[in-house]
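Given as structure tokens, the chain that follows is alone and in the form predicted on its own.
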């Protein structure tokens, strides 16, 4: 079975290479039949990776400890639930999971668009296959999960070695969240490949309008949702298992998951301006390129050993291959953008700073600033080693000092942005829109202050949470009233139908509501207290009140 899984992995690589070249040849020669053959090869590659993954799953459940990956991450007494997690509990198997998901998503998107966008799809397919070929090559040649253990006999010959039992899954990973956390997180990383592939195809074909954005909107939203869910599940695991006193420690691998989420959030907001006003075309292409590359960067951090992390695998020797790939993608993408810059100019300009467009732009800048701050802090040990020869690590206080103010500005924009009108907003309409949210925020500040709380950031956070929450409720209330009067519906039915009829607007408000809840939870850190002392028997220690 190990040989079968290995063969499937190699065959998938061959099929992916064929699909890549056939797609490019078919597009250049305008031969739809060649492109179709490339698509079928991509489906076959997905089938082969599925069989390879199934082979590793079978070997794990049959306790074949002659496979080094299984001997390292599984054991006979390991619960079935955790035997599945053992597949991605070590480096080689986690790479196969990444390859399996990549091939599966590629096959789905090719099937979805089998009769659409025929001028773009060969290039979409080519970009997808470049990514798949890269990870398949790493998985087969350098990080093979089907490597077998051997022993040297007295006569110098090699023989397969089967240990009596495996080492078992790391106890830190034996938690229900860790069974589903890595797959969900991987899907969140990998999924941004789809909009990136369409963006590159749009650049190559000169279709820099909104077609590629509309086509990939659901992919982007689903990927963003999965990445966010993966972050929350990781926080749950850290809070329960690691015992470091919280759900977030600004660990490098945690940060590498947060960065593409921040950049993806900026992209989701920014493309709305391109759809509505024909603006920020170059910026949006750069955003999705960086979001995709940050996903690759996340697995680079995990596997390269470039920075130490409780989440990371040991140095796998793959780091320089990731760097070469990311550099090649970055240079090629920027080259395409530069070549197409003449047709990517904005169709309109900002009419006013007091407009929804400007709020979206500020939102983008804040999110990108947060991402850059996290990137700088995460990679500072590497930068300091290069420059001074001494590795200096930045801990949680640095990240908190930088990102708390940035986060509060982002929370403010979450509330005020939707209150602006497109193009230009009058001061009178702003006064009316801001009145009740501002009054409510002032009341909460007074109550908190009277209650004896003096923590500056906590007070500001509660004020902004109240402002955003009241503005959201007010938007739903006003819309439901209008619908009740015009449609004769009950208030509850009006709220539901209002949301269903305009999912993008009111769905966005629901997302903003969840962001308010997250910030309210984050604000609780203001009350954390830590004291270290050595106590004798019977001695007491007072912390706070």
Partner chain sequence: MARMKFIVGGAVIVAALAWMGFVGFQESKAYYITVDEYASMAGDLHGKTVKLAGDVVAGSIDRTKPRMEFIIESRTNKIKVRYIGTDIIPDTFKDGSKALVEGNIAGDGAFEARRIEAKCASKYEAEYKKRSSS
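Positions refer to the first chain, counted from 1. All values derive from a computational prediction rather than experimental measurement.
One more form of this protein, predicted together with its partner chain, exists but is not displayed; see below.
With a 4.5 Å cutoff on heavy atoms, residue 335 does not count as touching its partner chain in the predicted bound form; it lies far away.
Using a 4.5 Å cutoff between non-hydrogen atoms, residue 319 does not count as a contact of its partner chain in the predicted bound form. Mapping the unseen interface onto this chain, residue 71 counts among the residues with a heavy atom inside 4.5 Å of its partner chain in the predicted bound form. In the predicted bound form, residue 248 stays away from its partner chain, with no heavy atom inside 4.5 Å.
Only one segment in the set 180 to 188, 100 to 108, 225 to 233, 347 to 355 has residues whose heavy atoms sit within 4.5 Å of its partner chain in the predicted bound form; it is 347 to 355. Only one of 369, 442, 326, 460 comes within 4.5 Å of its partner chain in the predicted bound form through a heavy atom, and that residue is 369. Between the options 76, 401, 454, 160, the residue in contact with its partner chain in the predicted bound form by a heavy atom within 4.5 angstroms is 401. Although its partner chain is not shown here, in the predicted bound form the stretch 517 to 534 places heavy atoms of 532, 533, 534 within 4.5 Å of it, in sequence order.
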